[in-house]
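Presented as structure tokens, the chain that follows is alone, the form predicted alone.
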């Protein structure tokens, strides 16, 4: 069975099937459709969806709802991520499981609100203070928009952290025909909660502790400041170091649990095309066309932008002499690929005029 659907609807379905029970957002093109559909559909499942007075209030509501037992999501675009920045840092420090959808549009500033772009790739990674790791997933199809949304909820619970779903205007708003069997299923783990006993907020290790919810058991302390295991503010260097190492290690030491790619590799190919998001379609089409013409070509579509899937990329580049990275920005992810692959020649296809990159453009560069 097939259906005519857009990425916005797929994201909303994925969130509902993942058990999302709270949504707050503020209208912003091209993410407004998620807000509208969540306000229509979430109450039908007993959840709460609301429009905040602005982006700052919306993400704050989501953090509060999560700490009170909800499974929460918010959605915005690049300018809204700017306003989310301080609260993203709070969610990282407070270890709040939360899903944040970024439907990218062309910037900077207001830019072109109805024009596609992939300009938030580095912004998502470095958009809040400290440089601590984040998890960011990136769908390249409508079907991936569904299951990666559910996966984002699962990873948020696993690592007690905000998880980004980084999509774009074209994927979110363009209708396409999808075979319903392509959606797949993702098992979203139950939240591990703690009731009673001392309200420890973390352990100084790479392990994640259960979340103490407000209103359950003893009082729960919560702070965005550096703190000890009981959430008392401290400047003790060993304690601060232990906290910060915990925030890093709980993700970096378990990168294998996050790494997601769609690899289509040909051992005889000397060229690998790496894409993500909406450019993944051009990558897949270019690989198919090249092989049909008798020229071997390998493709890798990255589904987990951050942490970078270095293991999968390292395996994919074995035997290749050239890598092509098409993206709708000024080469933001190409720089990461160059860092990983060493002396292999990396060629960027960088388009910032509002048009999509076509398979023909990829093949023209490959020659």
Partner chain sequence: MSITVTPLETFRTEDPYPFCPGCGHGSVLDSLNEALVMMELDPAEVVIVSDIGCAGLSDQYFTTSAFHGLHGRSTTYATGIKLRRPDLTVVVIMGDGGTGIGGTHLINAARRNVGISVIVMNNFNFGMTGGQHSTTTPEGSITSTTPGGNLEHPLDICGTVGVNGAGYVYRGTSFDKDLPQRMVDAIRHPGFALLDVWDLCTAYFVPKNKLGRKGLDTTMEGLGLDAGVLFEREVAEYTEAYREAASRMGKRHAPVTIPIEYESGIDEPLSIVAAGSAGARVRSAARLVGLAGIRSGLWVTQRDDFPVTVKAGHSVSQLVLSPEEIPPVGVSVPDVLVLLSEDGLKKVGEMLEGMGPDQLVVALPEFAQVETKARVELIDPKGWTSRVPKAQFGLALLAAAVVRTGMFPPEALRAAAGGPFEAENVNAIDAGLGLAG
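Just so it is clear, the model here is predicted, and its values are computed rather than measured. Numbering follows the first chain given and starts at 1.
Not on display, but discussed next: the form predicted together with the partner chain.
With the partner omitted here, the residue from 289, 203, 193, 176 that has a non-hydrogen atom within 4.5 angstroms of the partner chain in the predicted bound form is 176. This chain is displayed alone, yet in the predicted bound form one of 86, 270, 253, 257 has a heavy atom within 4.5 Å of the partner chain; that residue is 86.
Interface residue remark: residue 123 is not counted as part of the site for the partner chain in the predicted bound form, having no heavy atom within 4.5 Å. Taking the partner from the other structure, the partner chain in the predicted bound form has a heavy atom within 4.5 Å of a heavy atom of residue 16.
Using a 4.5 angstroms threshold between heavy atoms, residue 341 stays clear of the partner chain in the predicted bound form. Taking the partner from elsewhere, residue 332 is found to have every heavy atom lying beyond 4.5 Å of the partner chain in the predicted bound form. Of the stretches 262-270, 68-76, 151-159, 237-245, only 68-76 has residues with a heavy atom within 4.5 Å of the partner chain in the predicted bound form. Within 4.5 angstroms of the partner chain in the predicted bound form, the stretch 29-59 places a non-hydrogen atom from each of 39, 40, 41, 43, 44, 45, 47, 48, 49, 50, 51, 52, 53, 54, 56, 57, taken in sequence order.
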